[in-house]
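Given next, in structure tokens, is a single chain: the form predicted on its own.
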Amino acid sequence: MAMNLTRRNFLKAASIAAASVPLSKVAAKAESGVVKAPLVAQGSFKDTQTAVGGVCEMCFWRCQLVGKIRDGRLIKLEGNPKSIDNGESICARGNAGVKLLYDPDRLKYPLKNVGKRGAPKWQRISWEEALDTCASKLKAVQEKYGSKGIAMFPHGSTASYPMNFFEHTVGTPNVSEASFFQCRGIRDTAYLATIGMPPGENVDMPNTKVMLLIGDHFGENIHVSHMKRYLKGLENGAKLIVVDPRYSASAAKSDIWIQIKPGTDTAFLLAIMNYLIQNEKYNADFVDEYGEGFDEMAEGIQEWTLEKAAKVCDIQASQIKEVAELLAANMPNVAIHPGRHVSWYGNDFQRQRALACLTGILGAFGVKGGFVPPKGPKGLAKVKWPSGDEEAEAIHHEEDIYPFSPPGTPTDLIRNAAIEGEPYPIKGCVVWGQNPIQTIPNQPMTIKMLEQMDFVMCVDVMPTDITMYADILLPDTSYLERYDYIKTGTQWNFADEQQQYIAPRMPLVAPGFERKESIYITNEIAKRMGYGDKIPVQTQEEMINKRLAPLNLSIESIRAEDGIHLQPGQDPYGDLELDIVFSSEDLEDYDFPAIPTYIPVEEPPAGFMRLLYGRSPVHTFNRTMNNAWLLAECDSNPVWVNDKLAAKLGLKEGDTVSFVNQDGVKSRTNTTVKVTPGIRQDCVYMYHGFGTMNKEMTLGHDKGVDDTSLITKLAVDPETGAHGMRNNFVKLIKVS
């Protein structure tokens, strides 16, 4: 039986007339003094106050913060000294939250597009007009096409409350989060199908003996407490194995670097498992107690000899054996990391299944240094919108495809339905905190989807690329100006005495201009659409206090504890309640491979290289592309080119190049060449998130190359419907 996951089980002023002008001109520059942070703080240190309760959202890791306030203005961010997660440490992005808060390009007022989608002309309007328009337009779509005529693309904590409203009360199934369908959804569902739970990043790296990373770029994704765990493990003597076509920051610290051919990771993992099984170097007692279908898997992977995998992966058989022997010698205290952004090649569900199964045959669940789900605080209440009168089946459920899909609807199905009108038309679009232009491959299709909509509403902090296609654009508060999230967790170093923490996000400063937070916006739209009687909470504070109430906590009680409530934790080891499904009847029932299976991917055409991408250490993809401090550190995304390939192509370090992909699509902008032996000749690599097309992002506009614009050929994971994002190929064109 497939999972068919949903979020339920998975997790009046008159209009202000204004001329049609560019967005950057809507607010007079003289007004920007309200939001400018001084380069040199005025006044004495004794005038500075500390505001507690900050929870960062410059990335999804959400470190706990304190803010230094002077004259009502935030002048500095620091890690909360009370934090048992990130402590006093925050990364470059966390520090640069000040520049997001006071970015003069930030959205300030509700805006109406009186031009064309994609080439907007913005007119400032009142909140009353903006909310009336959004509600009436969405209601009109709902009345004409039903609730499934609306699609939503949410992202981040600000979108949680409105997403719940549109999905459960309005009743649209067309909800697609990039964090699931272009990032970690495949990982979560593959582990659910194998061990019955999503993995998170639950590996005990501080206490492990060996870490195995498949394409994980630690040191470049800078998630502070996770990095602390990783570095503590290395400090404690753990051996590090990195499998990556590129010499990443992690590879630079590795004991063994496997420069694998892209797309062949599953073959590598199958060969390791087969070698361990054939040589009786696996944890037989653990497998006997917790395993299901082990004999079937063992028989099914016998073909994967070291030699066969070496040929497929374009590596040495001796390297695969070396890795297998190292894991066997240190089991069960080994950390097989599940990764996070795993949507790569369209065969990714099988790779993630193989990672979970390898962890199982090593017995590395629930033991020191292995896969150890932390035992965090329990008892927080849930605040949900009630179900409405209509709740349609998602497209993939109706058509019985992608049965192991993450929660929501696969992005491609929404986009295709909107463009083709089948199996039903989708004519209303709500985008909340996501930038589908940069997150979803094949930008022309996304634009075509938006152009055929009757109405497009965007809510965001910054004028990202997607906001160019809005009819109504609403200014959200930043994470530094609102309540909306409660971070919980445990002591990150499991060797220490265990504690648990509860840290609700609290605003460090008041919102500027006319920015509003998501509960206000959602409730006002709900009232106008006829759902006023279903509103679960009236304010941000009410929501947080309702969630905390079962624990006899409140915003004020935690504020008095310096923004973080600590309580005794639990021993995280042992007490396993899982079965390791090595061979799955559920998968077999849907004609998918019952055991982890290598599925080859398309090879680069002659003269082309596979386009790989990843995260810059100082940016969170496109979200930070207008941040002055971070751009000062990294304002472009040079393309990594193998030194031998560069010589063949006549390229030198620093040369300027443009790109053309296998479909003839050319990059709008250029970047420079980074020549290195640290990448294979069959691929190139660049940072994701650059090349912003919206001119209202005055600092980030056209900086570097937009890699997503070159991802036009689609690859979809057959079990989940999630995109493979590394199946496009490019040529480099030297710019004279």
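Keep in mind it's a predicted model, so treat the numbers as computed, not measured. Sequential numbering from 1, following the sequence displayed.
As for the form predicted together with a small molecule, it is not shown, yet the points below apply to it.
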Is Y613 close enough to touch the small molecule in the model of the complex, meaning at least one heavy atom pair within 4.5 Å?
-> yes
So in the model of the complex, does K148 come within 4.5 Å of the small molecule, heavy atom to heavy atom?
-> no
Would F690 show up as a contact with the small molecule in the model of the complex if we use heavy atoms at 4.5 Å?
-> no
Using a 4.5 Å heavy atom cut-off, state whether Y290 contacts the small molecule in the model of the complex.
-> no
Among R623, T708 and I711, does every residue place a heavy atom within 4.5 Å of the small molecule in the model of the complex?
-> yes
TL;DR on 116-124, 645-653, 237-245, 573-581: the one with heavy atoms within 4.5 Å of the small molecule in the model of the complex is 237-245
Which of D204, D188, D476, E167 has a heavy atom within 4.5 Å of the small molecule in the model of the complex?
-> D476
The listed residue (N637, Q434, T409, Q540) that reaches within 4.5 Å of the small molecule in the model of the complex by any heavy atom is Q434
